[in-house]
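One chain comes next, on its own, written out as structure tokens in the form predicted alone.
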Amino acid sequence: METMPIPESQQQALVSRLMKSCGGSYTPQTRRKYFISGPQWAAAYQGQALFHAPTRPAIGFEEIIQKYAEIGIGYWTTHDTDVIPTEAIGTEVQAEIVGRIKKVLADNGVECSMVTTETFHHAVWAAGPAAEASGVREYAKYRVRNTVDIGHELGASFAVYWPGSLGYYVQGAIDETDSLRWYAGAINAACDRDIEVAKQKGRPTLKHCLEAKPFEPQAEILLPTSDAMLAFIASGLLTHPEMVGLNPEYLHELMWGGAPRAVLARALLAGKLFHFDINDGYRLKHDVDIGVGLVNPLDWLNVLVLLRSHGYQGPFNLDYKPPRTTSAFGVFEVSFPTAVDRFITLWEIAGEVMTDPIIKEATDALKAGGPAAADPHDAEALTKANRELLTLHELIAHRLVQILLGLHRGRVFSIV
């Protein structure tokens, strides 16, 4: 049966009606209880890409902050040049814009939690933020120091650095050791400025967070993974390594074939998990930045079990791109509310996993192990003592899927 065309005047109402019919939504008040932040760049994304023209009109920070407040996203994040033209950085125009942002945030009851510096888009970064030219490197220091100033002015607690263009296109063009030393100089400049401004304003210093990405925009990246970032922090190149940690992004770690949960565990062990960008996507693929939980909900459940188990208290930053197929209306009617709600549901399911009696008994049994062998060096005896218990690994995995799908509550499907 052929369906009738939907008039343009009725399409938004249809989207809203079906969105309401989906159910499972939380109130804005409930959403604000979670440390979820909404980036300026995510909502302002117009659908453009290397091979794609924009599909949505431009939108400014005033409307984005207002929409976040209505949805129940209580925190806002931004790059410096998301809101300030490059030529206005450090000028009276910047001061005027920052003043307007402060007012809009206050008027809507939203806080700025994080600021970051764009060191990858403008042509000045063609050779990266740690280029051979000393003038470019000094400009990079100027930009990150300026962002620290903006962060303190807006009341932020975090500063993030994505050195996406720290690398090269062709081998032998740069000396990697020089580039890493020069990049450390920029981070040191930011930390030094932070200490100075925090003292002046009577505020805590910011948490400085490095964000890794394995692919693009350079052909070869010098700090492609969070593990590389951890090594960089511990390299002795930073004058304030205690101020510097990680902002892992879920998809950035997944892209190269890694396990995001394992990456987060290593950051937790190092005491360096400061901030977390949340999204979804596919292994060994483009950085498509899909909304959290739309591709790998079971993996996301396991990630949140880990973070809840180890008391992570930092932000969850919605670093994703509403699809090009989503309209400007749909960005705030569907995309952001559903991303927040999927996260909250998975977070709360993670709490249920942590108290599930079957998982607890299975985990405790694995830790208890089998009977002690007469000879503690007898590999065969140890194998026999634990052989049956090890089946619990698969049982736990099955139980996690049951909890995710609601099967543990009796949800079954009739087989005809």
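Note that residue numbering follows the sequence shown and begins at 1. Keep in mind that what you see is a predicted model, and the values were worked out from it rather than measured.
Absent from the display: the form predicted in complex with a small molecule. The rest refers to it.
K.L.:
How about K207: is it within 4.5 Å of the small molecule in the predicted bound form, going by heavy atoms?
P.N.:
Because no heavy atom of K207 falls inside 4.5 Å of the small molecule in the predicted bound form, the answer is no.
K.L.:
Might V160 be said to contact the small molecule in the predicted bound form, defining contact as any heavy atom within 4.5 Å?
P.N.:
Result yes; V160 sits at the interface with the small molecule in the predicted bound form.
K.L.:
Taking heavy atoms only, is R143 within 4.5 angstroms of the small molecule in the predicted bound form?
P.N.:
Close contact is absent here: in the predicted bound form, R143 is far from the small molecule, nothing within 4.5 Å, heavy atoms only.
K.L.:
Would F120 show up as a contact with the small molecule in the predicted bound form if we use heavy atoms at 4.5 Å?
P.N.:
It does: once the small molecule is placed as it appears in the predicted bound form, F120 has a heavy atom within 4.5 Å of it.
K.L.:
Between the options H79, R261, R342, H152, which residue brings a heavy atom to within 4.5 Å of the small molecule in the predicted bound form?
P.N.:
For this set of options, the contacting one is H79.
K.L.:
Among E333, E211, D280, D227, which has at least one heavy atom within 4.5 Å of the small molecule in the predicted bound form?
P.N.:
Selected option: E211.
K.L.:
Among 195-203, 249-257, 123-131, 86-94, which stretch sits within 4.5 Å of the small molecule in the predicted bound form, heavy atoms only?
P.N.:
Within 4.5 Å of the partner lies stretch 249-257.
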